Structures are given as structure tokens and as C-alpha cells.
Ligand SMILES: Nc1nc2c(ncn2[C@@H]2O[C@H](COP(=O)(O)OP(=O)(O)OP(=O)(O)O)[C@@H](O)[C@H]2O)c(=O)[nH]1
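Next up is one chain by itself, shown in C-alpha cells, the form predicted on its own.
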């Protein structure tokens, strides 16, 4: 397993650019060119801590590993906990530890792509750092973006964090088995998402049991 760490001052140097977001987009575009040249489909999976991002990727890799050669880039502040879970499924994983940074950026993904064997990868999952705010403004070069929310995060998760849904291709509402206990309606969450982006696809899941994973696969057209 490869571990990428942001070096002292590296992220700060990028932030000193006259236009940070423009610089990030430029690198993201180059990342997309790299992925396309190797015919790799990349999916950026975003969501808060505990929403079920890792569980979703784990279930997807188990369901799709006979059809795709799968790799993963795992973003976390300091640990390799999530990466270790996926690596046990014989998936090549590159870990990015961001230190104090609350999101992945295109520069870190560029470094990770240099470590991955893209010639042996068809499908790349990128698990972003657990956060519903910062990742929204930092495209990584992925082809699709997924946002995972869970009913355990309460009924107002969508309306409190609208920007993360604007450029999203699929929203996964996870832990639907807890909806009654939490007094949270997955249907209401779906309606909240539709108000922000009417054409976005929504899948309702219980990633612990695998319920709804087929809907996610169809939503991503895999």
C-alpha cells in the first residue's frame, strides 16, 4: 500500500496562488487527461465522517470486482483505517494523509495517480476526506461525483450543506434501516436534494447489508 503525505508547506504554497480554485481546476483537468489516456473511470465519493463512504466503496468493490479492475485512493487526515478495509478485498489502495487539510485537492490526486498502476485499473474510487463543505469547491479530475449522507445525520443535512450537491451525479442516502428510529424521512431528504439539483440521481441504501447497492451501480452506469 502506498501512503501519500502532504509535505510541510506544500498545501500552503498552493494556497498562495493568486487564484487557488483556478489552479486546482487546471491540475484537475490534467488529472482527467491522465485518467482518460489510461481509460480509467474515476469516481469521487464525498460525505461527512460516519456517513458510510467506506462501507459503500467496500460493497461496490465486492459487487464489481469480477467486471472491473478496481483501485482506490483513500483520503484521511492521519490514519489508514479506511484504506486497510478496502485493501483486504485485494484492491490496490493509495492512501493520502492530508494532515490538517479538510479535503483532497487535485495536486494530491496527481501525486497519487503517479503511484497507482493505471495500466491495471479500469475503475478508480476516490474516498474524499469526511467533510460536506470543503470538497465541493475542489474538483479532482474525476468523471463522476457521489455524495453519501445518512439518516443518522438528521433531517436537515441537505438544506444545511447545499453546495456539495450542485455538481453531484449521484446522492446516496444511507442507513435507511435507522430512519424510523431517527425519525428522519429518506423521502424528505430526496425532496430536499431535488430542490437543489432536480435531475440528480438518488439511491437509498443500507450499506451494512448491501440493500440498495444495485441502485447505486445502475445510478453510476457501471
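Numbering follows the first chain given and starts at 1. Keep in mind the model is a prediction, meaning the values are calculated, not measured.
FYI, the form predicted together with this ligand isn't displayed, but the following is about it.
Not displayed here, this ligand is approached by residue 49 to within 4.5 Å at the level of heavy atoms in the predicted bound form.
This ligand in the predicted bound form comes within 4.5 Å of a heavy atom belonging to residue 207. Put simply, residue 144 is far from this ligand in the predicted bound form: not one heavy atom of it is within 4.5 Å. The closest non-hydrogen atom of residue 82 lies within 4.5 Å of this ligand in the predicted bound form. Across the options 22-30, 187-195, 174-182, 36-44, residues that bring heavy atoms within 4.5 Å of this ligand in the predicted bound form belong to 174-182.
The partner is not shown here, but in the predicted bound form the stretch 51-67 reaches within 4.5 angstroms of this ligand through a heavy atom at 51, 52, 53, 54, 55.
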